[in-house]
Each structure stands twice: as structure tokens, then as C-alpha cells.
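In C-alpha cells, the next block holds one chain alone, the form predicted alone.
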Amino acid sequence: MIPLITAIPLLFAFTIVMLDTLRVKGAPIKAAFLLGAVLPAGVPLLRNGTEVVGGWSREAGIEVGIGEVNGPFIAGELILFTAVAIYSLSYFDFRDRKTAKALALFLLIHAGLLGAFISLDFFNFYIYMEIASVGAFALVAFSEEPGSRRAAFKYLIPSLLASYMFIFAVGLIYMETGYLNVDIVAEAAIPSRELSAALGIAFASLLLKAGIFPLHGWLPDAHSVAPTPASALLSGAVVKAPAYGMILLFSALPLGEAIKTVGMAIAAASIFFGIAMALLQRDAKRLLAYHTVSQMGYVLLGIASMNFTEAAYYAMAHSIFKGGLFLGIGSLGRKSRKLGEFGYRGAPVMAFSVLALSLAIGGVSPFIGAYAKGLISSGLSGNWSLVVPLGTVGTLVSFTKLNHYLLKGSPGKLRTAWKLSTSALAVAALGLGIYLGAKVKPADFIYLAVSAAIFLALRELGLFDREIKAKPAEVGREINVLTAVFVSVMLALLLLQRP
């Protein structure tokens, strides 16, 4: 039963390709897309736990499952993809022959992500993460935004390099333990140089694929130029697959304190680097893309502090509010993405949605962001516990800036499906926060007041008049730099684990 969660979207992706080949257009393709998007949600309702595909033994077979740790990843993906699917039906022009191919790619990503999240062995996880990645590369290139093919190429090459290194690390794990099943590897793993090397290589590879600082170089371009529903899916869900892979890795292999500390340091650096870069953006989608770099830092903070369930809930929360923000900003800024040239004045539904999602990503109660940040914070001690409140203030300053500009402008024509998708995610961010127990706290008012004061001070200093523009360099040179940083991080992680 559990593998159906992956088989259903694959089946309907194939159906769409066949319909397109037969030159069938319109309603049948829309129906197939919606069925492939929505039907997998029924699987977790009917079946959870674990099972081995084909009835083989755990040692020889492929074990999949839905449980406490991967459940929030799956829930976040299913909620976001449903909203993205509704949005996409109104976004794409079904008279264009490329539309069917784009929808098939969306379902390919859907299947890949769900397959990765239910995986309980390294090789199966790798296969499905790559299926999702292939769909993501193609959708970035699919965009008609200037520079989309360049961004796709810049995304593709480093990601492929990370994939090769990750599967090499999986080979080392298999060579040392004789297994690929995560639980069995955890039982069989004995500390050794080979497993330490596998851990360092695989961790660096997943950091790159998750777009975490300093291996984030491909992310702002790819996420900001993709079609709006693809941006929402890339930022809200695709970067979560490597985060889940880190949980599998840290669950199975012997870990030293050094790699945990380095992981937390990288997480904190990613949080504040993303905020700083977002503050210096005038391109709204690029601002949101840098916040993905920042927000993935929180997920890594939970993983590196060995609070896997807490990290999973943060991943789910981020899927909902970041996906909603990309859909909202993409709808409002159809003609221009530059802050000050568009906004939500005169569009109350969209204004409510973007404001609610901004509060959610800022960690204000009773939205789900507050609940998830509370979980991450509860697992931290010492100076690390300061990272979450400081990051909260920085995020709120950035989103105060975003909403300050959005208040000034008006949107173009907004389609009902766009408002419905964005507002549904805003309501989900609020409803799930209340359901899970996020309560209004006095600290929220302090965060908001401090953030407003910092925003006003920075505005008076003229910070928001400045902008760090991406200077297009020769793409090969940029890929070389990304590769050099990746190799440096990988070597550093390997050296840290020397006895």
C-alpha cells in the first residue's frame, strides 16, 4: 500500500505524456494532473507504519514507511503540492504544447519527493531524490524568464557532482556494513575511517543539494527565475529531500561531536547570511529565495542537534508558508518583480494571505512557524539557544521591508485560483499552528516591536535603497567556484573526523 504514494503520480505523469502524444488537450490532461496530485494523500490516511516492497526480507528488500519523523515531510509536501496543482491549472496556457510536459514534470517531482520521504534505505532514497531533481532542473529551464537556461545549467552541474559523491558515499557504507537499510546499518556500523569518510562526503553533498550556506550559490538564480508554481515547489519541497537524507545519515552512522558542532555552526551561518542577503534585495522573488537559504538553516539546526522530529516539523512549516509566499508574490508581480512596482493594495484576500504568511515565516504565534521554531529552540542549549530569537527578529525585519513596499503598489488582474491557492496555504499556516498548540505569547509583541524599530532605523540609514545585484559572470567560472567551495567543505568535514 505505501509504495502507491509514489506509483500514483508516476502513473498519471505517464498518462499525461500519452495524452499529449495523442494530441488530446484540455479537460483530460487537467483531470489526470489533479488525480495524480491529490490521490497520493489518501495513502497516509489508509496506511502507516513500515513494509518491505515485494515481501522480501529487510536485509535484501526495499523498506518504506510513514512514521513520526518522515510524516511531517510527507504532510508538508502533500499540502503544498495540492495548492501548487490548483495554481498551475490557471497559470499555464493549455493551448501551448509545452503545458502538458510541464505538468508531467510536476508529477515527476511529486513522485520523487514522496518516494524519497518514505524511503528507509539509502539507495532507494538516492534514486527518488534524483527523480525529483531531474524534474526540478527541467522546470527551471522551462521558464521564459531571462537567464532561466543559464540558472538551470548552474543548478544542474553542481547538483550532479553532489549526486555522484553521495552515491560514492553510499557505496562506502555498503562496503563497510553490507547493508543499505538505515536501521540495519545503524546496528552494524562500527566506527571506522571508511564510515567517517562516507559521512563527510554524503553530508557535504546533501548540504549542496539543500542550498545551505556556503553551498547555496545555485539556489537564488534557480528559485527566482523558475515559473511561479515551480518556484513554490522548489523552495517549499524539493530542498527538503536532502534534509531528510541528512536525518537518515545521522540516524545510521557513528557521529562525533565535531561534526554536530560544525553542522550547527553552518546552520547558524546559513540563517543569518540568508537574512542579510534578503535585506539587500529589491527583486521580490530573489528576496524569498535568500530566505530559503536562511530557513533551511533552521532545519539543519534541528538535525545537527539530533532533534529529528523537531526538524521535520520545521520542514513541514516551511513548505507551507514559503510555498504560499512564492505563489502570492508571483501572482502580484506578474509584470515586475521589483519591490515598489507592484503590491497588494486593493486586493484584500491577497493582502491578508501575504501578511499572514509573513507572520508565519517570522515565527509569530499562533501560526505554525511559531510552533516549529519553539520545537527547534527547545532542543538547543547555551549560546545556540540565541540563534532562534535573533533569527526571528532578522526575518521579521526583512518581511517588514517586503510588506512596506507591497503596501504601496497595486496588482494586475488576479485569477481566482491564484487567490484560492495562496489563501489556502495562509489558512493552513494558521490552522495547523492553532491545532498543534501555538499560543500567542508576550514575546511575539516584543519581537514585532524590535523588528519594526530596526526596520525604521535601517530605512533611515538608506539600507533599503541599496541592492546587491547578481552580476552575470561566465557560467563556467561560477560553476568552478561552486565546485571549489563544495570540495573545500567536503575536505574540511573529512579532516574534522580524523581521530
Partner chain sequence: MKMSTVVRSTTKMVSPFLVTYAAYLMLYGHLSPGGGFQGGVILAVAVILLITSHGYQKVRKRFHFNWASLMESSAGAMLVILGLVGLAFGAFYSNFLPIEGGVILPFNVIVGLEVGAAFTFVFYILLRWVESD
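From a predicted model like this one, the values you see are computed outputs, not experimental measurements. Positions refer to the first chain, counted from 1.
Not pictured, yet referred to below: the form predicted together with its partner chain.
Screening V485, V17, V475, L491 for any heavy atom within 4.5 Å of its partner chain in the model of the complex leaves a single hit, V17.
Note on contacts: among G26, G54, P442, G462, the single residue with a heavy atom within 4.5 Å of its partner chain in the model of the complex is G54. Just one listed stretch, out of 452-460, 46-54, 429-437, 28-36, contacts its partner chain in the model of the complex at the 4.5 Å heavy atom level, and that stretch is 46-54.
At a distance threshold of 4.5 angstroms between non-hydrogen atoms, A7 is in contact with its partner chain in the model of the complex.
The shortest heavy atom separation between L496 and its partner chain in the model of the complex exceeds 4.5 Å. Among heavy atoms of L11, some come within 4.5 Å of its partner chain in the model of the complex.
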